[in-house]
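Quick heads-up: it's one chain on its own, the form predicted alone, in structure tokens.
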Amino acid sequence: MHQNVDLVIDGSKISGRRGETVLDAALRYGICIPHLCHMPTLTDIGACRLCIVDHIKNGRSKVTTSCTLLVQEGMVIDANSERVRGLRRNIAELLVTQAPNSRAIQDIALRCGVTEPRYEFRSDDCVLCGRCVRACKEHYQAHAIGFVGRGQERHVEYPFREKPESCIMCRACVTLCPMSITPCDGPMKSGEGYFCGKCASLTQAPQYEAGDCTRCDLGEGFDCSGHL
């Protein structure tokens, strides 16, 4: 039986399950906190930083990733403060300019309020969200891929750059990758990336509010609940 704790997110009192994260508790109650690297049943690593929230304690607030923050009795969370929304918008802006060839990332950027990115577009094929690495390790126990290198050289690779026998070519790593969902108009050529924004009307429905999940079609196949 779950042990529950009471907490407040965006002014609403909710009941969290001891041991679960603030992000999971919020999503259960339909409080939308954008995220990319999070996947149910996988260890959270806070890689994308999109799920940041303000944790208010003893009159002070601290910005932290909600996917790595466990619920506590009486905790107060502001998931949509002006500061958080500004930081989250900048993170989404950086992500979409880094990897415009992902509809999932394009849609998340739109959901976070990005309208016109200020940064130069690139065409990276990986944003280091770690979904593939964690699924390979935790779901399939294959350990066939992992992170290699540091800083700008960091990437996902086979051990010693050779496919190990443990890899059964299940292609789960491809299925779970946000880069596998191409923009509506098709792939963009390197150096010709742009911010689509064609689905802006989906965030302007009468019932839409910043902190509420409207269960819209943004990121279809990669929705805000984190399920594929």
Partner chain sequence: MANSLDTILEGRRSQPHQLIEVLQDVQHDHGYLSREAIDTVSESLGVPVMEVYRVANFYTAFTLEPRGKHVITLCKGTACHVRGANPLIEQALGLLDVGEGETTENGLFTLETVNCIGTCALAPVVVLNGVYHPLMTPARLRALINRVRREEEEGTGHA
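Positions refer to the first chain, counted from 1. From a predicted model like this one, the values you see are computed outputs, not experimental measurements.
The form predicted in complex with its partner chain exists for this protein as well; it is not shown, and the discussion that follows is about that form.
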Q | 131, 138 and 140 all contacting its partner chain in the model of the complex, non-hydrogen atom within 4.5 Å | A | no
Q) Hey, in the model of the complex, is residue 157 touching its partner chain, heavy atoms inside 4.5 Å? A) yes
Q.
I'd like to know if residue 113 sits close to its partner chain in the model of the complex, meaning any non-hydrogen atom pair within 4.5 angstroms.
A. no
Q.
residue 74 versus its partner chain, in the model of the complex: is there a non-hydrogen atom within 4.5 Å?
A. no
Q) Is there a heavy atom of residue 145 no more than 4.5 Å from a heavy atom of its partner chain in the model of the complex? A) yes
